[in-house]
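Next up is one chain by itself, shown in structure tokens, the form predicted on its own.
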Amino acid sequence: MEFFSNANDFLMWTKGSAFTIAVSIFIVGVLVRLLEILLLGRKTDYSEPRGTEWKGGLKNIISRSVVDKGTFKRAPFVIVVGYIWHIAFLVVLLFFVPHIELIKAILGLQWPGLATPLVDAFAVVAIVSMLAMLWHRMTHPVMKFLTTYEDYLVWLVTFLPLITGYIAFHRMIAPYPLALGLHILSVEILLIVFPFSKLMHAFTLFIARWYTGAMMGRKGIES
């Protein structure tokens, strides 16, 4: 704690100025990236429409959210573990009572949380899933070849909030303010990296699917 006199000072910094900076970078970064996509626009299609863009777009979003048999057959491990991780991560993020209280303080939104032991179990599932995906990526010849340094960075900044949150909740590091501060700091790092990495697909994924489906829908083609 070279730059802070004690763990409480470090915790207050992560809750204060560091949090403000991280959220600001996240919001501005996401907005800029989305504007870059939307401002690209597309050429006017003067052909006579043979279908509905909105219907095609929505249909493509739904259909592409269900894994087809061919993809599942080629990569069952990635598909199954990926779904497990996403579900577990969202449960921890959205249904842990302290997280809900934070969202309420920032956005004024609130909903019922789940029992703490249940959320804790989902946290373990998320952590194990991420470790399994890392192992698979590092040992599978094709995955290992395709993996870039950015992929490992994205994995790390996503994994750190989970493991530090688990450590803080179970008070595995003393003093507690230090453990909680490290968890908050890891979340802030994730927020800063998010708009400038592949994590941005959380926002662009559905835009891309809708755009492709809308184009096909206008032409009366199944996407």
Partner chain sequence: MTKQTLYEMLQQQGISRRGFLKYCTALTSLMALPPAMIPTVAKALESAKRPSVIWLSFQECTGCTESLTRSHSPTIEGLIFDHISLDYHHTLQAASGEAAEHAREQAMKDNYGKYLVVVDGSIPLADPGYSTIAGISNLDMLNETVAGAAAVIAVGTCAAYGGLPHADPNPTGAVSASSLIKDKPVINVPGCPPIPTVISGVLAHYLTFGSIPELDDLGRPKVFYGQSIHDRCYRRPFYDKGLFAETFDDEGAKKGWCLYRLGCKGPMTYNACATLKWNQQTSWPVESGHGCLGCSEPNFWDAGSFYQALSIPDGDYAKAAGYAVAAGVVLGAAAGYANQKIKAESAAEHTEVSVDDFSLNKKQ
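Residue numbers count along the first chain shown, from 1. Because the structure is predicted, anything quoted here is derived from the model rather than measured.
Although it is not shown, the form predicted in complex with the partner chain is what the next lines describe.
J.: Hey, in the predicted bound form, does residue 12 get a heavy atom within 4.5 angstroms of the partner chain?
T.: Residue 12: yes, in contact with the partner chain in the predicted bound form.
J.: Within a 4.5 Å heavy atom cut-off, is residue 79 in contact with the partner chain in the predicted bound form?
T.: Although the partner chain is absent here, residue 79 would stay clear of it in the predicted bound form, with no heavy atoms inside 4.5 Å.
J.: Would you please decide whether residue 146 lies within 4.5 angstroms of the partner chain in the predicted bound form, comparing each non-hydrogen atom pair?
T.: Residue 146: no, not in contact with the partner chain in the predicted bound form.
J.: Any chance residue 180 has a heavy atom within 4.5 Å of the partner chain in the predicted bound form?
T.: Contact check for residue 180: yes, within 4.5 Å of the partner chain in the predicted bound form.
J.: Please tell me which of 132, 124, 97, 153 lies within 4.5 Å of the partner chain in the predicted bound form, judged by heavy atoms.
T.: Residue within 4.5 Å of the partner: 97.
J.: Using a 4.5 Å heavy atom cut-off, indicate which stretch of 136-144, 71-79, 108-116, 84-92 touches the partner chain in the predicted bound form.
T.: Looking at the other structure, the answer is 108-116.
J.: Quick one: 8, 20 and 31 and the partner chain in the predicted bound form, is every residue within 4.5 Å by at least one heavy atom?
T.: Yes, because 8, 20 and 31 each have a heavy atom that approaches the partner chain to within 4.5 Å in the predicted bound form.
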